[in-house]
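Starting off, we have a lone chain in the form predicted on its own, written out as structure tokens.
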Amino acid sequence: MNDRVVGDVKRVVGPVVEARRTTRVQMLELALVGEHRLVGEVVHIQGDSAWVQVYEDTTGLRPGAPISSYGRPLSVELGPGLVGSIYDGVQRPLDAIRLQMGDFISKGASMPALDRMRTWRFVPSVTPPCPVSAGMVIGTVKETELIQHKIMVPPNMSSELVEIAAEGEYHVTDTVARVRTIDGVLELPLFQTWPVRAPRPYTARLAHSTPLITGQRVIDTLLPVARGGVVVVPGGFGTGKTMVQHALAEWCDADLVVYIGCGERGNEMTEVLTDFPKLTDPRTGRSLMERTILIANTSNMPVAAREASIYTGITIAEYFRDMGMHVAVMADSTSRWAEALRELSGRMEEMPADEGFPAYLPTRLAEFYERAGSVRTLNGAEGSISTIGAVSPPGGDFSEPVTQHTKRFVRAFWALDKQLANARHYPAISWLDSYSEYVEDVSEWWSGKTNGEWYGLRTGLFSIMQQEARLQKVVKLVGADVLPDSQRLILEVASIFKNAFLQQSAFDKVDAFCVAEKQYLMLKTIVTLHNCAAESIKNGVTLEAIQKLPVMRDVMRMKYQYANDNAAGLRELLENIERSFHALAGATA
């Protein structure tokens, strides 16, 4: 595609360039600035002047330098080769650039997002001549052992298929189909492009009904998220936001994971880039990278590219959603993205709002999170995007603007607690300060897996934890010894629930991931223990006698002692609890 000169540089304000004599540009148009052709985007127009948000270092850029444009918006390439790749915020392939340029990206570095030399085996699935509609699948490519990549008609095209390529090996730029439209015969390659700021269309939104199983008990049981749901994970420095997102990326039952490292520290992103290729997908035994796409935009990279990175990630996720996949997007962290918005807004001399953030911050947050959801795609399939966004409020203050505005657009709030993190309680999600509005949506699914008991068990444990929180205020004043045994039992069961259920070891092979059946049986075990103990105390049994029962130690060790496939062991433990308390009642009668 040929570019044209549309103006020249008037002044440079950090990553923002003011251009003059720009009468032929449009909002959000892709721009190439200076002799190095730095990639940028038109974000403001006034008269014959325009402001360009540059996604690279502008050091050395001078007034009078030419500005060119392709006449199209900032877009991403969507096709075979995305899975397993590592991109920066504007979809430059970092692995390929490193091989060509070394460890540092040169100014104006440009390289196609999809490898032009690699070939893919295309298998057609339709026979011409036939009508084709937007989103229709015309063939497939086996991208990895886990991902069957569907080649689709672009969303903005409905016409007649007049020719399709035979099964064979093709480059992504090779024509695999020809369609007749009112503008003539168009050629379709293996890939398509799409502007990052425009949501991809779908037929209808679907109701949430199936949970996104993460294997983390505090999430799945107490604070569930549905497939297609949106979650915010706020927490101060050191509370484990990145650890939670790493665990979800590894263990959640999504077909594909898009991990966006947006403004994170370089050492954290390095850990992701080095560890993820070594991780094994627990469901298939293959490399986790065979269903993962990484977008790395660290805090020392140009701030403007940080602002674009989450749009790049969500657009890629929408493309795979349109194939009928369930995609999980991890955005770590949206606070850094909001800080990029604040800096760019200040450079353009816009009127600031709360704490210097631009007045349109809530709008931008809503635009991002609303692109999640469970939908019926243009080709009739069902796909979803579940978005988990981390927030890093300064000093752990949840009243700051990014956290407060984000809460307006999400239905689950997993608040990380500094005290839990300091106590090495993982995940450090506060069960009292967090909430999920997806409980009713997924309760039918859980009820089908648990004989209708899940909702009642969950409600019972929540009641115990709330009672324990109130009793702790008394304990801090006068100590636990003055409480009657019935109330001390609440403290005991709450302690068991925290340590034997909510706390989970990411480094233990048995406890790192917990299937739904094991979660249900563990929950039922603790509730049964409480009910039996409460009945015994009513009948005159002391709490000390209950604490000496061997079954109490078995309950504390059950998360390590019983593997995911050992449901029979947990059911036997349930029976043992009832036998032990029956024997205890007989001994004290």
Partner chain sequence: MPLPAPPHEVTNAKLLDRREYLGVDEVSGPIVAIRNIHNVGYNELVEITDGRGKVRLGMTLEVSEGAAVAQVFEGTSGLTLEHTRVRFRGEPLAMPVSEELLGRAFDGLGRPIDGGPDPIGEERDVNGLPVNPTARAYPREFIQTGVSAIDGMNTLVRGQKLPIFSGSGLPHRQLVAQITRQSKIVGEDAPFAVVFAGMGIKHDEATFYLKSFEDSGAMERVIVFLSLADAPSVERLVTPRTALTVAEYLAFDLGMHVLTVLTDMTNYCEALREISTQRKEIPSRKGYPGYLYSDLASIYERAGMIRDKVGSITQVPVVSMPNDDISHPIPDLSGYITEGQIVLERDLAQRGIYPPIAGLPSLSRLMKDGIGEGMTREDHAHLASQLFAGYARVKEIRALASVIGEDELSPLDHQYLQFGDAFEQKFLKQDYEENRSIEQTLDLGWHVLSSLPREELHRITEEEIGKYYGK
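Quantities reported herein were computed from a predicted structural model and do not represent experimental measurements. Residue numbers count along the first chain shown, from 1.
Not pictured, yet referred to below: the form predicted together with its partner chain.
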Report summary line: The stretch from 445-453, 334-342, 317-325, 221-229 that lies within 4.5 Å of its partner chain in the predicted complex, judged by heavy atoms, is 334-342
Query raised in the report: Wondering, does Leu477 line up within 4.5 Å of its partner chain in the predicted complex on heavy atoms?
Result: yes
Query raised in the report: Does the 4.5 Å heavy atom contact test between Thr525 and its partner chain in the predicted complex come out positive?
Result: no
**Report entry** Contact of Gln91 with its partner chain in the predicted complex (heavy atom, 4.5 Å)
**Finding:** no
Query raised in the report: Thr127 near its partner chain in the predicted complex, any heavy atom under 4.5 Å?
Result: no
Query raised in the report: From the list Asn300, Ser399, Thr459, Asn156, which entry has a heavy atom within 4.5 Å of its partner chain in the predicted complex?
Result: Asn300
Requested in this report: Scan Glu382, Asp275, Glu367, Asp174 and let me know which has any heavy atom within 4.5 Å of its partner chain in the predicted complex.
Outcome: Asp275
Requested in this report: Between 46-77 and its partner chain in the predicted complex, list the residues on our side with a heavy atom within 4.5 Å.
Outcome: Thr58, Thr59, Gly60, Leu61, Arg62, Pro63, Gly64
